[in-house]
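Below you will find one chain, with nothing else, as structure tokens; this is the form predicted alone, and questions on how it binds or moves follow later.
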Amino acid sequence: MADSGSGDIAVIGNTDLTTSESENNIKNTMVEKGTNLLKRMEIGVAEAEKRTGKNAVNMQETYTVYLVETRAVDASSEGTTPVPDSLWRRYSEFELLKNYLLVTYPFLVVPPLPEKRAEFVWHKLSADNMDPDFVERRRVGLENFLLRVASHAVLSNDKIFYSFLTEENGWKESVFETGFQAKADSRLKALNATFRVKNADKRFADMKQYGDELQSVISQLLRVRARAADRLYGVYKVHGNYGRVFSEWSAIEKEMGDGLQSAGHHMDAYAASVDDILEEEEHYADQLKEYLFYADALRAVCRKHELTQFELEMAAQDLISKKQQQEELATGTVRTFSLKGMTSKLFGQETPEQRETKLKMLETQIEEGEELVKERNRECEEFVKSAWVDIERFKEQKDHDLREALISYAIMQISMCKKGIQVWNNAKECFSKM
């Protein structure tokens, strides 16, 4: 990581992130290093290619690979254009990278991947994940994913991410050597467990609810757009019938024939233009879909905070229980019904030696428990501090991106309407000359 002065932040991956730095230092680092990797390297997904081969169970399969290209910015600035370094990656490798980042950086809103199979599409667009148009849109989405990660203050400096971009062979092995998979499995089990946090942080609870509502709203918006696109497609294509009828009509007219024929050509062009219009619309739909999936990433951070808080509360509860046992053993009184109390009544009291041994054992366990509570408390505080800084960064990014996308979509709709008006103005001129 580039030096930023005395308040530098270490990077986890093969090392540990020093989350004990002050919040201001973290914020400053995000500003200063936000485009660190992109300042050193140009990153792109240049093309996609369909291949056929055997999978893990020795069965033939067809799959798509994507060409990841990188080029040192310094080399480009010297007046030459060097050949970029390139390597092929499958979608599953992008998934492995994202899963590694999710586990390694539980306190960050990790950028999502583009969809694996098309959803919320208008009916004339293929939902086949091998369809060339869909593969091209996914190529753009994968490039956007890499640029999102490369522009993130912390993620961009991860060694595994860098090896994903630059090392053709051995990359997967280096991922699994980090042991992230075992951590992912244990976290998954913990997140699926039915636990309830007693002292939930309201900010994270509200943010989790916001993630739910954001996903719901964007889903509804995408469904509305898909339905509107279906109807728009039908309206445009019906205009092709005007072209056919005008052409047939022009064949039986002398004075009016040329005007009708010209008007028919304008109608045909109008009907054909809808394919390009709706393809452009899909670009804006994909931008919305990115934040549909970002909502999952946001909620994941909130769920991981719940788990961190739950582990703290369990450690504190266990410590309280151990201290109570110590007090009962020292005074010889049992405050609550317990198996120990029943055993004492049935088989007599413990000898002083036995009680002394247990007291020493409890003292050791209490010391360990106090250290564990301190550690869990520190982990929880650091998680909250780091996560909230990144959530604030994400909110700024989201507001900017969605505002720009919606404005661009509105401009596109205005342009489309103007083209429609122009077609009818042209048709009017044709009719006027008849």
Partner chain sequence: MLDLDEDDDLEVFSKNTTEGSSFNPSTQTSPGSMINQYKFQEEEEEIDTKDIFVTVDDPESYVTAIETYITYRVVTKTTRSEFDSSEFEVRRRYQDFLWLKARLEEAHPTLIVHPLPEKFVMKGMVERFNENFIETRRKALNRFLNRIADHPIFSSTEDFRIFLTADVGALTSHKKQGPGFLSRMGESVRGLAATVRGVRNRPEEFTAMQEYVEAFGQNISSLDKVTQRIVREQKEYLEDLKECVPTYTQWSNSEEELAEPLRGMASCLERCFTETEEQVKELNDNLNPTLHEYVLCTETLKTVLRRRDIIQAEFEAKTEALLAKHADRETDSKVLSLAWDNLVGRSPEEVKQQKQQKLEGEIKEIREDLSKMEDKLEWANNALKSDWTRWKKVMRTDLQSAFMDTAEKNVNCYEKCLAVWESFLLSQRTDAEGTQVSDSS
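None of these values were measured; they are calculated from a predicted model. Residue numbers count along the first chain shown, from 1.
Although it is not shown, the form predicted together with the partner chain is what the next lines describe.
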query: Partner proximity in the predicted complex: residue 362 to the partner chain, non-hydrogen atom cutoff 4.5 Å; finding: no
query: In the predicted complex, residue 330 touching the partner chain (heavy atom, 4.5 Å); finding: no
query: is_contact(residue 231, the partner chain) in the predicted complex, heavy atom dist at most 4.5 Å; finding: yes
query: 4.5 angstroms heavy atom contact with the partner chain in the predicted complex for residue 48; finding: no
query: Candidate stretches 367 to 375, 381 to 389, 394 to 402, 64 to 72, one within 4.5 Å of the partner chain in the predicted complex by heavy atom; finding: 394 to 402
query: In the predicted complex, the residue from 235, 130, 182, 320 that sits within 4.5 Å of the partner chain by heavy atoms; finding: 235
query: One residue of 171, 162, 210, 293 in contact with the partner chain, assessed in the predicted complex (non-hydrogen atom, 4.5 angstroms); finding: 210
query: Site check 88, 307 and 316: each within 4.5 Å of the partner chain in the predicted complex by heavy atom; finding: no
query: Heavy atom within 4.5 Å of the partner chain in the predicted complex - qualifying residues of 238 to 262; finding: 238, 239, 241, 242, 245, 246, 248, 249, 252, 253, 255, 256
